[in-house]
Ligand code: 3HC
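Shown next as structure tokens: one chain only, the form predicted on its own.
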């Protein structure tokens, strides 16, 4: 199975991720079938694709002729059997619910041609478990695009336990062909790479706020200006969506309770339907449809040390490296492209002092349990 055999792609699910993946695939020259269960969902998705392509024309990144050609390469289809006909690669982008995925893969497996390769855009669900639902676990892989796929450069490539090397090679090549940067997550671990670092950090920020009795904007200012994040951690959570964070938390914690220390505040916001920017309220309140930035300053950052947050981020990052999930280099690339870090995480660790980070984790572990136990990679890390 080589990249040269991929001509027709079927994308299952036309939500934010699905229609974005369909667009970037068509822009790379592929013929794409976009499938969903209702025509109205597909109509909305095609409108969004047209809007996105028109924006590229306005910015003179595409000509109108090119935009029209790309749009014509995407065919919306409701019937699953018809959608899978002739597909070389299936990319599944249905909601993050394992029961739904099981249902989808059972149906897909009954219609897909023997040549069709399978990929899932899941951000947290186990690839090996999904692959086992199908007749081709050796030709099943995770392709975790980031939101929105049209703009975000990173794709995590995650092989399952039985995924063949040739499938991995094809996936890495495909990601590059659609203009993205792949990072290989060598093991099918909870949260993969970016979410393994990001999701626990949101919970830790709430604990920090309680422990240190400081304002959210103070913590966010420190995260932005002292940890080189593109925005504060509460702001980033609101931007991502508390529904996304809650569902990822539940999934990650159910698979391995050691990787995350859930704070009940996240579930509370989810239950209240205060999901962040998209609903007008999350950790912060927002007015209007336009994306608002929270006012964060260096002066406010000076009032707070985010060492506990940095320690938790570095500890989860260290676990990924010491467990052979990714190299230090790939970890830093994933955090830069997927989370927007402006400086390497371990360079910031050096600024704060590795000994100080490790001691912070030991102190937290003594008070709050084994979640904070420092990873050997971090303990032995040399500045």
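Numbering follows the first chain given and starts at 1. This structure is a prediction, so every number in the text was calculated from the model and none was measured. So that the term is clear: the rigid core is the largest set of C-alpha atoms that superpose within 1.5 Å between two forms.
Heads up, the form predicted in complex with the named molecule isn't pictured, but that's what we're talking about next.
Proximity to the named molecule in the model of the complex, taken as heavy atoms within 4.5 Å, picks out 147-155 from the listed stretches 134-142, 147-155, 75-83, 299-307.
The closest heavy atom approach of residue 230 to the named molecule in the model of the complex falls within 4.5 Å. Taking the partner from the other structure, the named molecule in the model of the complex has a heavy atom within 4.5 Å of a heavy atom of residue 56. Under a 4.5 angstroms non-hydrogen atom cutoff, the named molecule in the model of the complex has residue 236 among its neighbouring residues. Within 4.5 Å of some heavy atom of the named molecule in the model of the complex lies at least one heavy atom of residue 244. The single contact residue among 52, 348, 328, 354, judged by any heavy atom lying within 4.5 Å of the named molecule in the model of the complex, is 52. Proximity to the named molecule in the model of the complex, defined as a heavy atom within 4.5 Å, singles out one entry of 198, 270, 71, 286, which is 198. In the model of the complex, no residue of the candidate spot (13, 39 and 103) has a heavy atom lying within 4.5 Å of the named molecule. Within 4.5 angstroms of the named molecule in the model of the complex, the stretch 332-367 places a non-hydrogen atom from each of 338, 339, 340, taken in sequence order. Annotation: Cα of residue 374 displaced by less than 2 Å between the shown form and the other one, core superposition. Once the rigid core is overlaid between the shown form and the other one, residue 282 does not reach a Cα shift of 2 Å, moving by less than that.
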